[in-house]
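Just one chain is shown here, as structure tokens, and it is the form predicted alone.
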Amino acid sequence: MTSTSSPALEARGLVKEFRGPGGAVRAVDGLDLVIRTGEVVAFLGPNGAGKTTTIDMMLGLAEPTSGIVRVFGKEPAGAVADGQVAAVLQTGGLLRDLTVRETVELTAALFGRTRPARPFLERAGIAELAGRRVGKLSGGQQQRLRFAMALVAEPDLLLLDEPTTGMDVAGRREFWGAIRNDAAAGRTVVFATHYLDEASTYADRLVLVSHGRIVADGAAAEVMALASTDNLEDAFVALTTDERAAR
């Protein structure tokens, strides 16, 4: 991992508005967040809370309306170009007629590298699928392939947007085992998920977002204490539907 004194990720006063029929819609509303190198952070919130929009800005896929976002002290596009950040998104990025091995080799070539695919496929848990065409993979297998592709650059920060959607329980467990093994080497991981069990089991820190703002930030026990409950699901509901959060 690259050594740096800057936070892995920093957002200050982050705002993103979209134009709708009734005027501007604010998807992200003054979000402030600092993630330190080596943390595994879960990004939680109901549909429409602003999670995916925030991740898009962290990747340089969307420009903030106002505020700043920095990845290792750089503009997101610069960090992506330098191979410091990679993503596993819900859809896209795959060519159905290529094999799994060819897909990873092509990704390496795009980074100007000639590396064997097998080590990355092994880390993603799909080495036995190397010769299978992408179009023949299940949804969960495709997500693991996206993970292998993200690893090619050996990024310092890995962003995952609902990475286990469509996976069964065993597949989710195996996927997160691969992620945790990789994070043990010091990689920073930020993931958005709807699965609270994933967040409490695999994240060091939970960040709850509602109406484009952070309403809770801390370990699972701290989040539950904030909502005066010992149940994470109850805490999630209370904190993300609170009228104060809506305002």
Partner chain sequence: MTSTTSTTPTTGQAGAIRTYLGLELNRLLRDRRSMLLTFLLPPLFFLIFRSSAAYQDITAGTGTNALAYVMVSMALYGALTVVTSGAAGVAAERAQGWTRQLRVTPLSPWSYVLVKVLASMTLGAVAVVLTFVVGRYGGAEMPLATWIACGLIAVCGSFVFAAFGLFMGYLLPAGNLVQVLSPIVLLLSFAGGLIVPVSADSWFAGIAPLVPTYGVAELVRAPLAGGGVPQVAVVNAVAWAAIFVAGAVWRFRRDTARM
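Residue numbers count along the first chain shown, from 1. Just so we're clear, the structure is a prediction, and the values are computed from it rather than from any experiment.
Just so you know, the form predicted in complex with the partner chain exists too; it's not on screen, but the next bit is about it.
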query	finding
Option from 216 to 224, 52 to 60, 203 to 211, 26 to 34 whose residues, in the predicted complex, bring a heavy atom within 4.5 Å of the partner chain	52 to 60
Proximity of residue 154 to the partner chain in the predicted complex, heavy atoms at 4.5 Å	yes
Any non-hydrogen atom of residue 122 within 4.5 angstroms of the partner chain in the predicted complex	no
Contact of residue 97 with the partner chain in the predicted complex (heavy atom, 4.5 Å)	yes
In the predicted complex, residue 186 touching the partner chain (heavy atom, 4.5 Å)	yes
Candidate from 93, 139, 73, 177 lying within 4.5 Å of the partner chain in the predicted complex - any heavy atom	93
Listed residue (117, 89, 129, 167) with a non-hydrogen atom within 4.5 angstroms of the partner chain in the predicted complex	89
Contact set, 99 to 133 vs the partner chain in the predicted complex - heavy atom within 4.5 angstroms	99, 102, 106, 109, 110, 111, 112, 113, 114, 115, 123, 133
